[in-house]
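Presented below, as structure tokens, is a lone chain in the form predicted on its own.
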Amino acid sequence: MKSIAIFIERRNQKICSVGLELLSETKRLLKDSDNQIVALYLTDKKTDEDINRLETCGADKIITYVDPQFQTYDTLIYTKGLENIIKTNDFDVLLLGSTLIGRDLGPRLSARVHTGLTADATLLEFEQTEERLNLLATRPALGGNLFATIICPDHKPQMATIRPGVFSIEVFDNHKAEKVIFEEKILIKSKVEILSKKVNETAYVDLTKAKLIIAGGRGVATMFPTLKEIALLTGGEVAASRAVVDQNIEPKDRQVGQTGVTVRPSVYVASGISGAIQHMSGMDKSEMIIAINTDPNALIFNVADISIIADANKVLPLLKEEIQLIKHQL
């Protein structure tokens, strides 16, 4: 039996969704095998709620490592904690979210345990043989002009960081997991002293959690006030392509695509977006895509469920008026 370990990231004392996404996707991919999916749960305080979520999202085994130093993320402490677990377990694969924490933790950990790391993957596959389980991690390469599948067959654990929002969270009812407490003490202390904390407050909702996204590209660069009005009327969120963010029209956290966030809302409205592969890699798993573009050959139409060949600068004001009319009639 092979084992796939998944680091369960926590932030503000709550489990982040990316760890649950990786548990669910791995469970789906390996559903007909006897491989074991192991959740690595590092915390300063274990809760039954967290354990239950890990169990129902697909973990076959949950290794809980409790230490007061896990209360706040610290590179040195978390790297040492995971290193301790890895060196006492023979994991074949280790997956982390490609978040700020995962991008900091992954390379340091791979250097500690002398293995390779595929960073920022967007697709996972497993290749099972009698002797081993190979991880095939696919990520955009060469500016997003091609996708490269990377393997690391000569070292264990095979590591990869995976972008949040790529996979959905699934609940596996009545699924039970083995629970293990990891008791090795962390004998080092943090070299960082936190003097104060200040929350970066924003009026925006996290794009990865939005159900409706109204996105604009270079073709509607002057129409973002209208996009925001439409989003306000419909309860959606505004997003942008990289070209718009590079012009400082919208902040970086609104950028969808290879160098932004990956989203999968119920509805994604792409206005004035041509459909470069760098952008589509971040939104092509949306449930419904509505594209508005003057170019009938625009690549965005290849993934669109509804294609509107028209000038988005003229369509958006009409769309806003129609929504306002409908709301007034309700």
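Since this is a predicted model, take the numbers as computed values, not measurements. Residue numbers here begin at 1 and follow the sequence given.
Keep in mind the form predicted in complex with a small molecule is missing from the figure; the text below concerns it.
In plain terms, the part of the chain that comes close to the small molecule in the predicted complex, with a heavy atom within 4.5 Å, is 241 to 249 out of 241 to 249, 93 to 101, 181 to 189, 121 to 129. Taking the partner from the other structure, the small molecule in the predicted complex has a heavy atom within 4.5 Å of a heavy atom of Ala312. Although the partner is absent here, Gly272 is a contact residue: one of its heavy atoms lies within 4.5 angstroms of the small molecule in the predicted complex.
Although the partner is absent here, Asp44 lies well away from the small molecule in the predicted complex, with no heavy atom inside 4.5 Å.
Not displayed here, the small molecule is kept clear of Ile51 by more than 4.5 Å at the level of heavy atoms in the predicted complex. Although the small molecule is omitted here, in the predicted complex none of Asp67, Leu76 and Ser110 has a heavy atom within 4.5 Å of it.
This chain is drawn without the small molecule; in the predicted complex, the residue among Ala276, Ala304, Ile62, Leu30 with a heavy atom within 4.5 Å of it is Ala276. Scanning Gly217, Gly106, Gly165, Pro157 against the small molecule in the predicted complex with a 4.5 Å heavy atom cut-off leaves one residue, Gly217.
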